[in-house]
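What follows is one chain in structure tokens, specifically the form predicted on its own.
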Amino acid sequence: MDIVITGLNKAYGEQRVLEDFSVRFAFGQTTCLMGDSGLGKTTLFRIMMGLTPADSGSIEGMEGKKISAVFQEDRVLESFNAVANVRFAAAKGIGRREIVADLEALGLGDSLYKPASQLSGGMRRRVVIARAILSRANVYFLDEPFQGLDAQSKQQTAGYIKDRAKGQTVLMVTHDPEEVALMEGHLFLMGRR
């Protein structure tokens, strides 16, 4: 079932972030949202995930869907190593072997058992991406998932996401047209009202 957003409104005080916003996201497809800062992309994600209430409007098609997210900031458990960070949110039935294989697929084979506090920004980013993907969701919210990654890591990570999230809905915020191409996503431009 597609996700249908109708007439969504959200303001913070006098600042209108979303105004009569409507869109349909096709289920099972990757959609990349682009637009200037301050247009409500992150706010839209937070509303869709149930973290921020909308002022008005409706969202249909999220009922019963398992969601997972990569936020703009890396939310890692600092004292946990990479494997333990992923295991913390992994779906039931996913064992250490699969977690290790996924982290290795993301180029983290040499850092599996280092505490997150000792990982570089790009490594931490890939850990949170593996954690989100291995939660086995129906809808993945990826808010600038490639920030801090070099070109090779971006390509490797995009391939990993496309492979592991195949058939599920991926919604991704980016400011980089090259990332849209890497993800082979449908582009949705958010513009000024």
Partner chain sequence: MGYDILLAPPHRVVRHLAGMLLEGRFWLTVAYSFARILTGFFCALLTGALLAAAAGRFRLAEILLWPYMTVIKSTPVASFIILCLIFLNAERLSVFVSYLIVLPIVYTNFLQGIRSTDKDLLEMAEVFRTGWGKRFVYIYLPQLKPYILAACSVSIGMAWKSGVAAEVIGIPRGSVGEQLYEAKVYLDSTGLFAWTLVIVGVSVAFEKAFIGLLKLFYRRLERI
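Worth saying up front: this structure is predicted, and the values here are computed from it rather than measured. Positions refer to the first chain, counted from 1.
One more form of this protein should be noted, the form predicted in complex with the partner chain, which is absent from this view; the next part is about it.
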Under a 4.5 Å heavy atom criterion, is residue 153 part of the interface with the partner chain in the predicted complex?
no
Residue 39: heavy atom within 4.5 Å of the partner chain in the predicted complex?
no
Residue 157 within 4.5 Å of the partner chain in the predicted complex, heavy atoms:
no
In the predicted complex, does residue 68 come within 4.5 Å of the partner chain, counting heavy atoms only?
yes
Spot the stretch among 143 to 151, 44 to 52, 157 to 165, 30 to 38 with residues whose non-hydrogen atoms come within 4.5 Å of the partner chain in the predicted complex.
44 to 52
Can you name the residues of 75 to 94 that have a non-hydrogen atom within 4.5 angstroms of the partner chain in the predicted complex?
75, 76, 77, 79, 80, 81, 84, 87, 88, 89, 90
